[in-house]
Every structure is written in structure tokens, then in C-alpha cells.
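Here we start with a single chain on its own, the form predicted on its own, put down as C-alpha cells.
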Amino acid sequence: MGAATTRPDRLERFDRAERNVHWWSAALVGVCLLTAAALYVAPLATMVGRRSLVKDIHVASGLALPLPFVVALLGRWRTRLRQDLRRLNRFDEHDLRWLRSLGRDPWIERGKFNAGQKLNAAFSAGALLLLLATGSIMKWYSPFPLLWRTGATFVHDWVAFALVIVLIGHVGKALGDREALGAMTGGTVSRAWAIRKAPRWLAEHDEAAAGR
């Protein structure tokens, strides 16, 4: 009983390295989307002008997208990020039940991430890699045949459109759960939130804390 009463009410969900990766990546994606809009939406293109500069910023921000992950994964602060990447890459029985019921199954015991968050992470990572590859073909097109260049443009545009839709949903979900959003700004969540939303992660957290 004594050990239970000393458990902290605030739990660290994301450390500083994870939060930095998230927000730097979000900033770079935001710059990519804003510059893309200034290049492809005629009224914005007319208002902004300086097409060559906008294009250079778009390319530079796109090429910089892997950097937050590379820096985080190479640094001594990489432990928590690598742990979460492993969590995001694993689907278990509870995740499959989440997908079948769209999260409505009352017997699901969620880990740190639910199946929807794992799918979102997988799609976003794949989409960004595709955008980087197709954008590179569009920028440095000389070595590639016309068919590749045409296909790269088509894929780049439609993947970007799909990513915008997914990001809108992601932001909407984040705004709908202010404590989860707070975890990505301040790093912590309440124990009550963890009991409701991530009981298996809470159990892992308490077990690790007890073993220290």
C-alpha cells in the first residue's frame, strides 16, 4: 500500500528528444505544404511571387525532413525514441481487435499507442519517403526517362494530397484530446489519463519504475 501511494500523478510520456523530433518534423512538413500551396495554387502563387525562391525553400525543407530523426537516432538521447519506434512497428492481438471494432471494443487494453496511431505513423513515414524520392526525381530529372518524371509528378501530387487529409485528421484528434496534446508539448500525462487511454503502457511504466 505504501508503494502505491508514492506513485507520481504525472507520468513522462515523451522525452525532450521525442518532442523535438515531432515538432521539428511538423515544422518542416508545414513549410513544405505552405510552399507547395504557393507553387500550385494560382491565387497564392500570384500573391507570393518569387517562384524560384519558394521552390528552393520547398526543396530544402523536403531534403531536411530526415534530419530530425537522424540526429535523434544517432545521439545519446536516442533510447526512448528507439523504444517507441519498436512499439509503433508491432501489432498485437489488442491492435487487431482495435482495428476490427474501430476502438469500440471495451476489452481492448491499449499500450502506449493504439492501432490507429500506429497506422498513422506508418502511412506518414511511407508518404514522406515517397515524397522525398519523387521530389528528387522532379528536381534532378536529367538522368531519368520521361515516363519516370511523369510518374513522379503524379505520385508526388497525390501522395501530398493524401498526407494533407491524414494530417488534418491527426490535428483534429490531437485537439480533441488536450492531455495527449499536452504530452507532446510538456512531455507528461496524468495517471488518470493513462488508466483510461493506455493501461498496458501504465503497467510497463510502473514496473520499470519499481525496478529502478
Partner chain sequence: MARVEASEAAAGAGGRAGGSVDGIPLGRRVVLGMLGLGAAGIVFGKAIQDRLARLLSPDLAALLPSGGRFRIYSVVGFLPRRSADAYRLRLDGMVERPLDLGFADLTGMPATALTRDFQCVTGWRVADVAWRGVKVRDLLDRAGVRPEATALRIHSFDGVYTESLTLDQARRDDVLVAYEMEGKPLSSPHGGPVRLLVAPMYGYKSLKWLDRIEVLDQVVPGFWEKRDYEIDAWVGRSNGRSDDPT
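In this text the structure is predicted, and so the values were computed from the model without any measurement. Positions refer to the first chain, counted from 1.
There is also a form predicted together with the partner chain; it is not shown, and the following applies to it.
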Using 4.5 Å between non-hydrogen atoms, is T150 touching the partner chain in the model of the complex?
yes
Contact with the partner chain in the model of the complex for G176, defined as at least one heavy atom pair within 4.5 Å: yes or no?
no
Non-hydrogen atom contact R90 with the partner chain in the model of the complex at 4.5 angstroms
yes
Would L96 sit within 4.5 Å of the partner chain in the model of the complex, counting heavy atoms only?
yes
If you check in the model of the complex, do W24, L28 and R191 all have a non-hydrogen atom within 4.5 Å of the partner chain?
no
If the cut-off is 4.5 angstroms on heavy atoms, which of these, V171, L33, A45, A64, is the one near the partner chain in the model of the complex?
A45
Those residues of 108 to 129 which, in the model of the complex, come within 4.5 Å of the partner chain by heavy atom:
L119, A122, F123, A125, G126, A127, L129
